[in-house]
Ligand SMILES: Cc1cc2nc3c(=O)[nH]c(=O)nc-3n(C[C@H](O)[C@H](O)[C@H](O)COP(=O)(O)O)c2cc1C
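Shown next as C-alpha cells: one chain only, the form predicted alone.
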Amino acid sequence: MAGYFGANKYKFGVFGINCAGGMTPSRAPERWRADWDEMVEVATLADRSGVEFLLPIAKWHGLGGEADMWGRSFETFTQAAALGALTKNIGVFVTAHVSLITAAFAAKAITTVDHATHGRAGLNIVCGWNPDEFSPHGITLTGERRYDRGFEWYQIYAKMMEGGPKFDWKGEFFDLQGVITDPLPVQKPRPPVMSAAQSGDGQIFAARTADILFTALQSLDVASATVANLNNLAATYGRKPDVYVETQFVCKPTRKEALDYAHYYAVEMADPDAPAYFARQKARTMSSSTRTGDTVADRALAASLDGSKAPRYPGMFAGMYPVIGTPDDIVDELEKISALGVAGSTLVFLNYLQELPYFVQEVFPRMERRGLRAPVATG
C-alpha cells in the first residue's frame, strides 16, 4: 500500500472510463461512449505513462437526458480484474456500494484482484445517493444513517483483511457468523481505501476510513482551508490520508482553442437534464449535515443542488474543477493546487482516448521540470 501506486509528488487517477459519458454531462457527438476496446487503450496508455490508478464509478442507472449519461456502464470488480491483467504498474480500484456488496464478498474479490495484479488493487467505498440505482436490487436507499451503516461495513472489512481466525459480528446493522477471508491480500496491511467526501457527514466517514480522501474543489480561495480541515478531522481518528480533488481538463495548443472547446461541449452542447436529475436525486438522500448546513462544505453542496447559482460550465459537474488552457497553463494551475497540500487529482476529459495522449505528451514533461512528477522508468 506504500505510495498508493507511485511516488510522484502530484498523482493522477483516470476517473470514470467504465461509464458512457465518463464524468461529463454533454451531448457532444464525440463524447465518451465506454467502448471496451477504447477503455483498454486508455488504460494501457495511462499505465505506460505512469498514471497512478484507474478509478471507476459503480452505476446501475443512467441520468436521462438526450445522452443518458451512465446509462451504459461496466461493473467495477470485473473491470478491475480484466484491466489489471492487461496492465503492469497502474493501480486498479473497484467501487463498492456498501448497500449492495457485502464486506465478505468485497474482501474476497479485492484480495483476488490484488493477487492477480501482484499488489495493485484498491477499494473505493461509496454509501450511495441515487435511490433509482438501488431499486433494481430490491433495496430502499435513504440518506439517514447511511454513513453509520457504511462505517460498520468498513470495520468488518478491515478486520477481515487483518487475518486471523473466524469471527462473529453482531452490530447495529450487521449480524454475521463465521467471518473470514483466505488468502489475505498481497498489500499490507491491506489495499488502499478511497472515499469521496462533500458533505460534513461524508467527510467524517472518509476521515475515519480512507487512505485517499477525495473532495470537491469549488475554488482555490477556499481549498486551502478545506484541505486543512480534512487533515485535522482525519488526525482526530489517528489517520493521515492523501487528499485528492476532482479536476476536469481541457488542454489545447492555444488558450483560445481550449476555451472554445470547453464552451462548445460544456455550454453549447451541455445536457441540462442530466445535472438536473443528478441534483434532484442527491437532494432526496441529502445528509443530515447538509440539510442543517453544518459546515462550509455542506452549505456549498446544498447551493450546488438548489439551482440558484448558474454554473459557468453546465456540461461539467459542480465540484469538478475545470483546468483549461495550454499545457503551460495547465501546469501552472496544478502547481497552485499542489501547493495547497493536495496529493493529486482526477484525469477527466470529454473523450479520454482523443485527449489523454496529448495531455501525457505535453503536460507530463512540464510537470517533471517543475518537480511535480518524475520521468517514467523504461525497460
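Residue numbers run from 1 along the displayed sequence. Just so you know, these numbers come straight off a predicted model, no measurement behind them.
As for the form predicted together with the named molecule, it is not shown, yet the points below apply to it.
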**Report entry** Segment assignment from 33 to 41, 50 to 58, 337 to 345, 323 to 331: heavy atom within 4.5 Å of the named molecule in the predicted complex
**Finding:** 50 to 58
Report task. Determine whether any heavy atom of F15 comes within 4.5 Å of a heavy atom of the named molecule in the predicted complex, and answer yes or no. Result -> yes
**Report entry** A196: touches the named molecule in the predicted complex, heavy atom cutoff 4.5 angstroms
**Finding:** yes
Query raised in the report: Closest heavy atom of D211 to the named molecule in the predicted complex, within 4.5 Å or not?
Result: no
**Report entry** Contact flag, Y147 vs the named molecule in the predicted complex, heavy atom cut 4.5 Å
**Finding:** yes
Requested in this report: May I ask whether H97, W129 and E246 all come within 4.5 angstroms of the named molecule in the predicted complex, judged by heavy atoms?
Outcome: yes
Query raised in the report: Quick one: of E152, E133, D242, D273, which gets a non-hydrogen atom within 4.5 angstroms of the named molecule in the predicted complex?
Result: E133
Query raised in the report: Between the options K159, K252, K282, H263, which residue brings a heavy atom to within 4.5 Å of the named molecule in the predicted complex?
Result: K282
